[in-house]
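First comes one chain, alone, set out as structure tokens in the form predicted alone.
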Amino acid sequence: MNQILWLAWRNLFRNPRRTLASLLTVALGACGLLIYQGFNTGIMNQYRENTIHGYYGYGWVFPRGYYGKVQEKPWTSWMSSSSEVESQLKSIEGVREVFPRLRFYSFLIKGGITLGGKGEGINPLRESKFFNQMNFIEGHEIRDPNDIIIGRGLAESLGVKVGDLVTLMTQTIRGQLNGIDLNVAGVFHMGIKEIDDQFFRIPIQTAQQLLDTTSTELFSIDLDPKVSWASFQNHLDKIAPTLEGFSFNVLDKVYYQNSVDFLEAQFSFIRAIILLIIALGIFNTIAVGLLERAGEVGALRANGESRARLWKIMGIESILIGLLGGFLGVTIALAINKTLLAKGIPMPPGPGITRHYLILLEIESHHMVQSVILPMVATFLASLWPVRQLLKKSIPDLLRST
């Protein structure tokens, strides 16, 4: 076997022009495959970071049976012992922080304009450290119990800016009308139209006062990235069976999970096209090269070489070309990433997004392995038919081809 491998290796350098053409075909395909995979991963990770650090965290914890159901009186299911639940959640391995939230609907009044909005009571000190994708276009985070931050679309519709007073009018859990004047501390732009056009945030203590309750609706979770949501959920089921959690990809199925599924399907299709192009290019190069080697193969056959041995030598040659071309393509892709694409690729807003992104290629080790192995397999498969056709010929036909 070592002798066959050595012969196959030496054959690569007997015709440098032919070998170089084959290597470049494979290398360009491997390079394109790796760059596109890194680009695709960069987009998905950008979506992921925006989803996690913009709004959802790694997931939300609700009272069991609460999420996904229309509640006539949702406050009856809220968590009244918030501090106890918080302690339970923080005791779970991998939980770094929890963020209590209270969601409600309210009218926002400014001058003669009255609009409905979706409000959230939050703990601003905790949230500002983790949720760093709010993208304030004006002002800053909540710093005072009487502060409010508003989505850009909602702020524009109300005609408010930082420093203005806005009146919130809502109904308490007892059915009474309650209101409060708040100072606009900031205007944010998350890039998700539904949030930017309807959402606002106030301190959770202010929200509880407004709704006349001390309960908490849900907790957003910050997990150690090494801990999976499934592991967190298993621990949660054991220590707090009255609670249930949902990961961010479930909560944000429309904007995150559907986008990821679409990009994965798109990449699989484009990867198949790239591999087909590699295979066709290699097929053409190898077919032409084998015609040139017909006389050589005929002489080897006449000297007693078996078809099986020649099959092995030529098969190993194609594998070596695929491997070398794959490594060359990976090297070229890494060089392009460090030079031409080092500052990222500006992208327009994606589906459901209103904010531009700067995408950096995120090339991972398994991407490089994939970009070597797949072109190698494509090269080997593309060589099978030309080699078979060549070795089927009789010795006299081969020798006449010289």
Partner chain sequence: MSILYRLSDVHYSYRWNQQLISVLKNLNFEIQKGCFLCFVGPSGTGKTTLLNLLGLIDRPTRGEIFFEGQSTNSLSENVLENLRLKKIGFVFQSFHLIPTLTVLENTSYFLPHLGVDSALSKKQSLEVLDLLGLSDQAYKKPLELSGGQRQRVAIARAMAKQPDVILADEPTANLDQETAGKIIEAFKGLQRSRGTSFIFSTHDARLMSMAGTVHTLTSGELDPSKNPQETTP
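What you see is a predicted model, and the numbers here were worked out from it, not measured in a lab. Residue numbers count along the first chain shown, from 1.
We do not show the form predicted together with the partner chain, though everything after this point is about it.
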Practice task
Could you spot which one of 244, 194, 97, 296 gets a heavy atom to within 4.5 Å of the partner chain in the predicted bound form?
Solution key: 296
Completion exercise
Assert contact residue (the partner chain, in the predicted bound form, non-hydrogen atom within 4.5 Å, options 110, 143, 307, 235) equals 307
Practice task
Please determine, with the chain shown alone, which of 256-264, 296-304, 130-138, 73-81 has non-hydrogen atoms within 4.5 Å of the partner chain in the predicted bound form.
Solution key: 296-304
Problem - residue 211, heavy atom within 4.5 angstroms of the partner chain in the predicted bound form - result: no
Practice task
Although the partner chain is absent from this view, report whether residue 17 comes within 4.5 Å of it in the predicted bound form, heavy atoms only.
Solution key: no
Exercise for the section: Please check if residue 5 has a heavy atom lying within 4.5 Å of any heavy atom of the partner chain in the predicted bound form. Expected result: no
Exercise for the section: Please check if residue 385 has a heavy atom lying within 4.5 Å of any heavy atom of the partner chain in the predicted bound form. Expected result: no
